[in-house]
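Below sits a lone chain in structure tokens, taken as the form predicted on its own.
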Amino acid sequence: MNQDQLVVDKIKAAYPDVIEDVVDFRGERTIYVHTGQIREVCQLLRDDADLQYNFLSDICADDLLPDFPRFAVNYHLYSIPQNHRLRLRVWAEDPEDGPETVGDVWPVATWLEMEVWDLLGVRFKGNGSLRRLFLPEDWQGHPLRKDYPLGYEEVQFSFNWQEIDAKKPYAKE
């Protein structure tokens, strides 16, 4: 039995209704897990002697606007002894009611969840350290959301320089 199937079988044996979907794409297996049980599944994957997913390499999220649920949180796991990668994915319908923290499973998750909250606004239940990591404390909003205003400045070219120049603030004499 290959490692991909072993992972699915072990999860189904321990938690029969937790897997929502399994997707294989370009050699990467993604297991969609019920949001309410992500911590238990991660604990199983780390502690099982046949699996040993002892390294959480990343947590990231996707803003799928206009789809619903809007956010998907991805957990990228690696088993050093088995030399095997796996991605778990959970849905976050409401960013204020996101998945449970996995900081007690892998301590680095506290920082990775802080990054996701800072940039996308997905709040992890039980993570008491959610604060700005990359942005200033007084920053408003979460800049990786699709509905975040761009706030860019139009590029000046030779054909539109007068229009751009008229919008620039100059010191008054």
Partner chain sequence: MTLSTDPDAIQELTVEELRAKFGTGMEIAGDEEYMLLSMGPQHPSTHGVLRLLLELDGETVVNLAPDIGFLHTGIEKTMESKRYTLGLVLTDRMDYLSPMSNNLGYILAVEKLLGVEATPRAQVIRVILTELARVSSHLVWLGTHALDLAAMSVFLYCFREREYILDIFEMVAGQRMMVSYFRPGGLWRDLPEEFEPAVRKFLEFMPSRIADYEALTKNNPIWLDRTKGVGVVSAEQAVAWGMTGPSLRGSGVNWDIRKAQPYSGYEQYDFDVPLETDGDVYARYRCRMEEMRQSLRIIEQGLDNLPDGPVNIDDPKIVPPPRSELGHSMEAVIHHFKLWTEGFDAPEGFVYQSVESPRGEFACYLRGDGGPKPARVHFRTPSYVNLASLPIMSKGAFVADVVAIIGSIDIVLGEIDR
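Residue numbers count along the first chain shown, from 1. As the structure is a computational prediction, the values presented were derived from the model and not from experiment.
Below, we turn to the form predicted in complex with its partner chain, even though it does not appear here.
Is residue 150 close enough to its partner chain in the predicted complex to count, meaning some heavy atom within 4.5 Å?
Residue-level check for residue 150: yes, a contact with its partner chain.
Residue 159: heavy atom within 4.5 Å of its partner chain in the predicted complex?
No, residue 159 stays farther than 4.5 Å from its partner chain in the predicted complex.
Look up in the predicted complex whether residue 50 has a non-hydrogen atom within 4.5 angstroms of its partner chain, and give yes or no.
Residue 50: no, not in contact with its partner chain in the predicted complex.
Does its partner chain come within 4.5 Å of any heavy atom of residue 122 in the predicted complex?
Answer no; every heavy atom of residue 122 is more than 4.5 Å from its partner chain in the predicted complex.
Check each residue of 66 to 81 against its partner chain in the predicted complex and list those with a heavy atom within 4.5 Å, in sequence order.
In sequence order, 74, 76, 78, 80 come within 4.5 Å of the partner.
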